[in-house]
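First comes one chain, alone, set out as structure tokens in the form predicted on its own.
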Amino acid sequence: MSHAIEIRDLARTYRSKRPPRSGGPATVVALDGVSLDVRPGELFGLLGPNGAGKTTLIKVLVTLLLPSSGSARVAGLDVVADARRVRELITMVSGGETSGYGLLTVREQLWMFAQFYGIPGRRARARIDELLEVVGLGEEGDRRVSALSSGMRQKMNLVRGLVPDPEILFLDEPTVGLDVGAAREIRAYIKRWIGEKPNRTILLTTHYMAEADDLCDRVAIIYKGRIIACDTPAALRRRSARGSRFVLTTDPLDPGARLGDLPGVVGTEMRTADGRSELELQLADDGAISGVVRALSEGDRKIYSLQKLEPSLEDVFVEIVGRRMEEADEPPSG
């Protein structure tokens, strides 16, 4: 299997539940010619704002939605023609989901899902107990699901997705709405799980830039149903870097200081507060900072701190789309 997931010109359209202003039902384009390849063993991230098409794409790949056109293969199998076989090899966990029955205990609920995959009872119970310990729920196994906090419930859902030991795990916003501690624990176990066997594969959707940067081998940025960039996080950051950026704190500077005239200085922003000036410098390259430091020293200005600013995935998104991720969130279409 050369690709764990192979997507070609995938499109998904549907009719909006909201009537348009001028007659006839409106057609909403959720996916617009998406093409992607995910390699076996890869933790691949799909990054984009709310309404960009992330969840729609995952639902097509896990056979919950039919594509309008194009094709998709998961584990070498066509998601339409071989839907049943695809489901035997994958699991999906969504952030904030409330699947199952609140009257059941955690172990009962997980055992029920294990039976859907035909896992023998003894092996299922051993696997459930092992995974509950791993995610810190070892003492909550006999607690009713309805009594769990949102963080505990999401850890239980992750265990539910891992009990069948799938070839490909789909995670749709797995840490949305969780506190920092719970989100960190879930990310840590995701890293551990995929590293335990060489051909385990994860497709993760998120709108958290730091999460994608921390977890993913490669990232595709999706916006309005289209893939607008795809590469490793480091390569995407380098692509967005235009020269070098530094922040420098020094003794108060005259508002008329002409640091922008120094060789290699492309732009400057200065803020003065509490008896110090903070300079944000856009430079043609790293070497230009030496001229800035020399000019300040010659002017008897003490330098208190100097930090290079590395570009982020947010910078990549802003450069391509023209606005920040939260500004690009789209309201639900249905």
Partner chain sequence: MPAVGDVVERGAPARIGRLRRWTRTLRVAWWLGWQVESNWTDPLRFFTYAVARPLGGALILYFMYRVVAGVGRGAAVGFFVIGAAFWPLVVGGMFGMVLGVIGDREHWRTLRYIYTAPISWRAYLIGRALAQQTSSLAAVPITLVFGIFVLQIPISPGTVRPALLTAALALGIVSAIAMGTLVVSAALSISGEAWRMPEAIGAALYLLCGVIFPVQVLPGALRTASEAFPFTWWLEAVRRALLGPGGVRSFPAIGDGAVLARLALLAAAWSVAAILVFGFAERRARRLGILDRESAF
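Positions refer to the first chain, counted from 1. Small disclaimer: the values here were computed from a predicted structure and weren't measured.
As for the form predicted in complex with its partner chain, it is not shown, yet the points below apply to it.
- With the partner removed from view, the residue among 225, 151, 233, 164 that has a non-hydrogen atom within 4.5 Å of its partner chain in the model of the complex turns out to be 164.
- Put simply, of 220, 212, 169, 79 only one has a heavy atom within 4.5 Å of its partner chain in the model of the complex, and it is 79.
- Looking at 258 to 266, 212 to 220, 86 to 94, 245 to 253, the stretch with residues near its partner chain in the model of the complex, meaning non-hydrogen atoms within 4.5 angstroms, turns out to be 86 to 94.
- The shortest heavy atom separation between residue 120 and its partner chain in the model of the complex is within 4.5 Å.
- Contact check for residue 102: a heavy atom falls within 4.5 Å of its partner chain in the model of the complex.
- Its partner chain in the model of the complex is approached by residue 144, whose closest heavy atom lies within 4.5 angstroms of it.
- Proximity of residue 201 to its partner chain in the model of the complex falls outside the 4.5 Å heavy atom cutoff.
- Within 4.5 Å of its partner chain in the model of the complex, a heavy atom is found for not a single one of 207, 284 and 324.
- Taking a 4.5 Å heavy atom cutoff to its partner chain in the model of the complex, the contacting residues in 46 to 76 are 59, 62, 63, 64, 65, 66.
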